[in-house]
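Next up: a single chain in structure tokens, the form predicted on its own.
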Amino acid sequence: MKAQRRVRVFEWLVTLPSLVWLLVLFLIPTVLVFAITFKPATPYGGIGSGWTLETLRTLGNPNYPAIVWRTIWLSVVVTALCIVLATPMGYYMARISPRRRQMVLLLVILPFWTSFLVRIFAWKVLLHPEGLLKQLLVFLHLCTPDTSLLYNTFAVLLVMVYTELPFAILPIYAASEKFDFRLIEAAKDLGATSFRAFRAVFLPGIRVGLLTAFLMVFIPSLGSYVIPDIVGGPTSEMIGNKIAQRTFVDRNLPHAAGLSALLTLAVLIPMITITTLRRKESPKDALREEGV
């Protein structure tokens, strides 16, 4: 009994810093955001006293469904493209020699050495109507001189995929590194083609990495507002842009909090769903996925 108590005390002491961190920087701010949603706004950009449902009524703005739908489908497409591109990359990184693997891994994380804003503005220059990319496409007759590569949904999608792709590659590579590739060779010996072995053996074996990549890409994509603001246009606004507008331009904090609360729910629902699905797995499957 004393040994068990010591183990539990030790576990609590180890977990306590993380619990305090999550409590102070996540749970309390989230509760405050939901609470501010039910507070009235003041003419001077503050938060009034009392409670009201006016903010919930204003969320019925007819422009919001289109913005919410654009945010969701852009996030889904970005996540799908990142996972499709990252999966073969993670497979390749796990199969090459350690020396080449370190070089490729360095290239993957190299963009993080540059400021996020600098990289986005670099894409703005690249997609500019007088930019090198536009001139090259016109020269190759792949687009016309009046084609716009900037300030549209395509530009937002392209830059978001570029930005989020490393966050999909890293967890998929981590899961691929633990995968036993002898299983693929065994599947081929049993008559499976390379693609079928990849689809039926490799992909289920890195399920944890795929789920992690989904969360790592989908959640930031939902809250993205810098990329649509810099390379997008009025028809490319996402819900993050509206939150920033209500906060810094309109100075309507309750309205911004209401939109943030909706975005928080949109983020938490996939996380809770995936966590629930993971708990339903048998311990044997969980151990196999972890490479034990």
Partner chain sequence: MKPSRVPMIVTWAVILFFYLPIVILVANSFNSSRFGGSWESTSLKWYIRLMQEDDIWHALQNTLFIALSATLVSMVLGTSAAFALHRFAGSRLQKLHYSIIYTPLVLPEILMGLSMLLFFVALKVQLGLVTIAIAHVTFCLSYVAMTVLARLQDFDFAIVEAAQDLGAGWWTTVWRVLLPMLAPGILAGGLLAFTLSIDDFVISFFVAGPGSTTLPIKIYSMIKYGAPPLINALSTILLVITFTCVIVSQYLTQQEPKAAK
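Only the largest set of C-alpha atoms that superpose within 1.5 Å between the two forms is called the rigid core. Note that the structure is predicted; figures quoted are calculated from it, not measured. Positions refer to the first chain, counted from 1.
Another form, the form predicted together with the partner chain, is not on view; read the next lines as being about it.
Within 4.5 Å of the partner chain in the predicted complex, a heavy atom is found for every one of P111, V125 and L158. Shown without its partner, this chain lists A186, V118, L142, V76 as candidates; in the predicted complex, only V118 has a non-hydrogen atom within 4.5 angstroms of the partner chain. In the predicted complex, the partner chain sits within 4.5 Å of a heavy atom belonging to R100. Of the heavy atoms in F154, none are within 4.5 Å of the partner chain in the predicted complex.
Among heavy atoms of P29, some come within 4.5 Å of the partner chain in the predicted complex. Proximity of D146 to the partner chain in the predicted complex falls outside the 4.5 Å heavy atom cutoff. Residue I169 is the sole member of 167 to 186 found to place a heavy atom within 4.5 Å of the partner chain in the predicted complex.
Annotation for V20: C-alpha shift of 2 angstroms or more between the shown form and the other one, rigid core superposed. Put the two forms on the same core and the Cα of I269 is off by less than 2 Å between the shown form and the other one.
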